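One chain follows as structure tokens, the form predicted alone.
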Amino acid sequence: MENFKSSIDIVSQLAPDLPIAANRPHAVKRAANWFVRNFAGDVLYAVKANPSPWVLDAMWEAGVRHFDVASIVEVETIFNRFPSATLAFMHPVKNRNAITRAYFEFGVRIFSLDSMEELQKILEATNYAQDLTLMIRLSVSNSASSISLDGKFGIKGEKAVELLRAARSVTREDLGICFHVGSQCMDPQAYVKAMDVAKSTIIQAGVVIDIIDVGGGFPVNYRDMSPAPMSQYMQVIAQKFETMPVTENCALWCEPGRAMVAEATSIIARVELVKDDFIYLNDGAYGNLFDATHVNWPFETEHLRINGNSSKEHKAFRIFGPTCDGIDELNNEYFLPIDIKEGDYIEFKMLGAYGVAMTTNFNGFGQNIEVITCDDAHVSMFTETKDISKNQFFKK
């Protein structure tokens, strides 16, 4: 990938027809290093957020050695790139052959599940292996998050108690509890409440728990969103962990995805046409702007013009993507210069998570140019000057 100093340098030098992913490896390293230093346990990068090779390499360079993989493709990708990494197959519903390949070909021993049926599948697919680490996915409230992930996965109540007991009876290795408070969680106390659910379930089940995994959901500074400092999330999780009814050497895990990579890429799209209050771009819902279209977040933008200055007067525009589909439209109005025109560019910031990872080739679109830039597109969540001591609350 070519290197540039800034976004305006990119469009000035390339004047590309295709959308540009302006990547910032330094932002990945900054976030990953912060998590490794400040989370009181093991950090598992959720690969699905952005599996780009440059992201994975930046994670490894920053000290991440554990990966949350959710498909056999992700398992194979991480194994081939980092053979010594610890892989956790954290999708609660897995293809039977994927389980077999993960276990026998790639050495995966950690599997998540939320049902008796999945437990039986894992046992059969691994020939009733005795060295499995089983992670029971609990259902917890997602009310503090911008995107709820509750409903599809997770088990609760008496069924969770029964599954914990059943899993404990068939593994000689570790038994853990995991959960997900939802994406872009705006309240640190959501993790405390979820850990209370886990605590109650453990007490009812009366089993020894070796791992508490608080999942992902850690927030970033999207436009019009002001999450609490990341240090508050780290502190309340570590403090609550000390009250859990687990053994002294119980491990604590987290699975950040969005928070690790959101700041690391912006998408630069070219204006193909301006018609009244409509702007048509060469990127959209089926490309890098999936989140900007479907989760209804007003991403911060910057207008880029190669030659000349634009008007300081702005107005609201509706923005459409390049495909023939009528739903290929961003859900929010964007305020841009009134003289925006064909050949200008719009930079959409904070799309390192679920940007390029969500791109399709629908309608013949979906190709990108990837470059590296050394600037910062947004205010970082990871510029706090004082770190929490990782060992302050750490049980191990």
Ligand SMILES: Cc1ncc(COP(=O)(O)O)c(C=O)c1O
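Start at 1 and count along the sequence shown; that's the residue number. What you see is a predicted model, and the numbers here were worked out from it, not measured in a lab.
Beyond what is shown, the protein has a form predicted in complex with the ligand; the following relates to that form.
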Taking 4.5 angstroms as the heavy atom distance cut-off, pick the stretch from 46-54, 367-375, 325-333, 339-347 that is near the ligand in the predicted bound form.
46-54
Only hit among M90, V108, I122, A269 for heavy atom within 4.5 Å of the ligand in the predicted bound form is M90
Only one of E263, E255, D283, D291 has a non-hydrogen atom within 4.5 angstroms of the ligand in the predicted bound form; which is it?
E255
Does any part of T133 reach within 4.5 Å of the ligand in the predicted bound form? Heavy atoms only, please.
no
Can you check whether S146 is within 4.5 Å of the ligand in the predicted bound form, heavy atom basis?
no
Tell me, yes or no, whether G176 is in contact with the ligand in the predicted bound form, where a contact means a heavy atom of each within 4.5 Å.
no
Do W34 and the ligand share at least one heavy atom pair within 4.5 Å in the predicted bound form?
no
Indicate whether the candidate residues D114, G154 and T201 are all in contact with the ligand in the predicted bound form, with contact defined as any heavy atom within 4.5 Å.
no
For the stretch 50-82, I need every residue with any heavy atom inside 4.5 Å of the ligand in the predicted bound form, listed N to C.
D68
